[in-house]
Structure formats: structure tokens, C-alpha cells
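Here we start with a single chain on its own, the form predicted alone, put down as C-alpha cells.
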Amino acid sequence: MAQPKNFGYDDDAAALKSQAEKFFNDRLPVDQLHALVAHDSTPDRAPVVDWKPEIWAEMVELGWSILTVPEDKGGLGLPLVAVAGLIEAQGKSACPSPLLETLNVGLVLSHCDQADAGFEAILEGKSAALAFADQDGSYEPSSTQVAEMGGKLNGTAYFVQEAGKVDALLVAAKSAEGIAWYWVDKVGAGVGIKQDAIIDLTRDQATVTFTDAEAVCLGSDACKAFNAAQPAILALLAADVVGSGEWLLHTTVEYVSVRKQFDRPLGFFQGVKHPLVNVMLAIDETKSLAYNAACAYDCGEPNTQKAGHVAKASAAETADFSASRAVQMHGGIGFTWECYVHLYFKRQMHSKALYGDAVWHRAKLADIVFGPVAA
């Protein structure tokens, strides 16, 4: 199916995004967010998981957690472009929640051949996260260091996002038949979670160790399912970067409009306003590419894999650029703990690296367009 010129972003998608923006503004304005996640500025503090489960419970009631569950499985099965608008709104609020990870799990399960147990758990209000990266940071299921034998898992999954917030894990593990996806209850016996110390205060990340942990097989070909879902996962992460970038841009423009130097607002000077225009252009570029990737996924376009890599490559650079310009334009207060900018700066730096930076995705894109380098 050919992609529509508006990416399929209709009135329903716009209404969902508008609803989400109001929801996040009402539930967790930035001053409350800062008080929640940045209450301790001690550099060597132990990792903690600061969030509000009651906000997540409201998201579940609104049906946001089942947006990527297909309709024939009991979910809402919304077009990905509509889901991208929701995630853009969450990125703009930087609200700590397992929403993005749960949606990602729904996307992967949509390409699994026996995923009913996972869908049922999500429909019951359970949150979940993907667990498959190895200790070197490879986000390829084929690199998993978890193995299955007799319905039990042993091994370790690294860089597991939102592990402190979710109820279950979708784990890629090797078995005699190949690499498959397994559903694991996070609080079940044999599951150990060690929180990582990361820069992002609005998310959490952990190393998860499995020792004879009970697991239910949900998909016999983990690599195939993840590859099919990957463009959608990248599109949603890019949308999060867009939302965070817009907050940084709007906040910085507001600051340089009132902060004066040499009897003029800082925004009067070309050295300030021109870089901010460039930030706006970068955000618009990433936004277009994110929604293009989402639309390509919705339409089953043959270029979907390329669109996903392009969107994340752009998002990684926009994350870096928007964050660094915001800190610079805020001058001496920009890097202080009391300035809210650091929350979004750190979120953008985490998003930049998550699922690969711009260089990695351009290399993957080159492999698709020109063929593997080794060939």
C-alpha cells in the first residue's frame, strides 16, 4: 500500500497526542518531575527507580499500554503513526514510565507465532520490557547470552530498559531449536535484577540474571520477529527524541527572550538565534523521518527497514544537538543541577545511544543499500 502524504496522521491521532500532552502536563509538570527524580545530587549515589506507579495505572486505564496489541488479540491495534504522537508527548514531558517498553514488547509479540500468553498479560494491565542485549551492548537477539533448557532460563541480559518498573520480561534465549522469545515473570524465582548507574534520571536500566527461571515460549524465531518490529521500535524512540527536543527548544527560546545582555535579549544576537533555528530544523527533520518510518511500517512498505535506520540516525544527532545547544544558550546556569534542562539533556544522551547511534545506523543502512562490506 502506498504511503499517504500526511503519513496517515488523522484527526484521531491528533486527538490522542493532544490528550496525552494535557495528561502529562497535569500529572507531572516539570517542577514536580525534577523534585521526583533529581532530589539527590550526590554523584556516587546508588541507582534508584523514581517514578509514580499511579500515573502508569492511569495510562493503563486509558488503554495506552495495549495500543500495539493487534485488534484480533483484544488490543486496540492503532496505526503506529498515532502511537508515535503519544510517545512524542511523553518525550516532551520526560515522564518516567514503562510505556515505551511495553509498546515495544507488543510490537515484537505481533510478529511471534505463539504470543497469546504475552498479549493476555498486557491486556490484564501488565507492563513488560525486552531483555536480549549482550554485555557488549549488541541489540541483536542472535547475541543473547541467555539459554533455555527444559523450560528454564539461565544466563544474563544486559541494558534492560525500565527493568525496575515492569512486571515481566520478554527474553531472547538460545535453545536446541534456535533462538526464541520467552515470557518471564520479573518477580519469579531465579530472576535477579541489578540496577545500572545511568545518566538518565527519567529512566532506569538493569542487568538481569536468570538462574533456572521459569519461562513460557512465545515465538520460535526471535531474530525474525525482532527484525520485523525493529523499524517500529526505532520510529517510536525517534518520536521520543522529537518530544524532548521540542521541550528543550521551547524552553531555551523562552529563556533567551527574557535574559538580557548589553541591554538586549540574548535572542537578538545572531550567534544565539541562528543555532536555535538550526535546532528547530533538526527537530523537524527527525520528526518527518520518524513519522515516515511509522507510516512505512503501517503500510508494509518494502523500504521500512531503511526508513527505521534513517529515523534513528537522525534522532541520535538531533538528541545531541538539541541538548548541547540548550545547555550552551542557558549560559552559566545551563549545567547546574537546579536548572531543569539537565533532565532532558540526560534523557537525550540516553536516547542517542539506545538501539545504536547515528554511525551504527548509517552503517546498517549502507549494508542494505550497497550490500555488506565484507561482500
Partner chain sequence: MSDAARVDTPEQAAFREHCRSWLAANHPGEPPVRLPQSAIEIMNSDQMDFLQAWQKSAYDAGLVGCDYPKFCGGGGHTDFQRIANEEMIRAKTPILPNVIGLGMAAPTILNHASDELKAELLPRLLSGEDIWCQGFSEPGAGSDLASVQTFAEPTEDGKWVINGHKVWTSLAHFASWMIILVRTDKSHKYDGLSYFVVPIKSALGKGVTVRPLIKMTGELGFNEVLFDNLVIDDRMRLDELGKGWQVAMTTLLFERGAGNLDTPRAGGMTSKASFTTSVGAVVKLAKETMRGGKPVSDDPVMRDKIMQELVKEEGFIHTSRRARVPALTDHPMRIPLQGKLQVSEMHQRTANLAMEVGGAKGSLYLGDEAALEGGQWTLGYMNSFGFTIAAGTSEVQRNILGERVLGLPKSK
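All figures in this text were calculated on a predicted structure; none of them were measured in a lab. Numbering follows the first chain given and starts at 1.
Below: the form predicted in complex with the partner chain, not depicted.
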{"property": "4.5 Å heavy atom contact with the partner chain in the predicted bound form for all of F24, L153 and D298", "result": "no"}
{"property": "V160: touches the partner chain in the predicted bound form, heavy atom cutoff 4.5 angstroms", "result": "no"}
{"property": "4.5 angstroms heavy atom contact with the partner chain in the predicted bound form for H250", "result": "yes"}
{"property": "4.5 Å heavy atom contact, R325 to the partner chain in the predicted bound form", "result": "yes"}
{"property": "Contact label in the predicted bound form: W64 to the partner chain, heavy atom within 4.5 Å", "result": "no"}
{"property": "Selected contact from T209, Q205, T304, T144, since only one has a non-hydrogen atom within 4.5 angstroms of the partner chain in the predicted bound form", "result": "Q205"}
{"property": "Proximity to the partner chain in the predicted bound form, single hit among A121, L100, A228, I283 (heavy atom within 4.5 Å)", "result": "I283"}
{"property": "Stretch in contact, per heavy atom within 4.5 angstroms of the partner chain in the predicted bound form, of 25-33, 65-73, 52-60, 305-313", "result": "305-313"}
{"property": "Residues within 4.5 Å of the partner chain in the predicted bound form, restricted to 27-46 and counted by heavy atom", "result": "S41, P43, D44"}
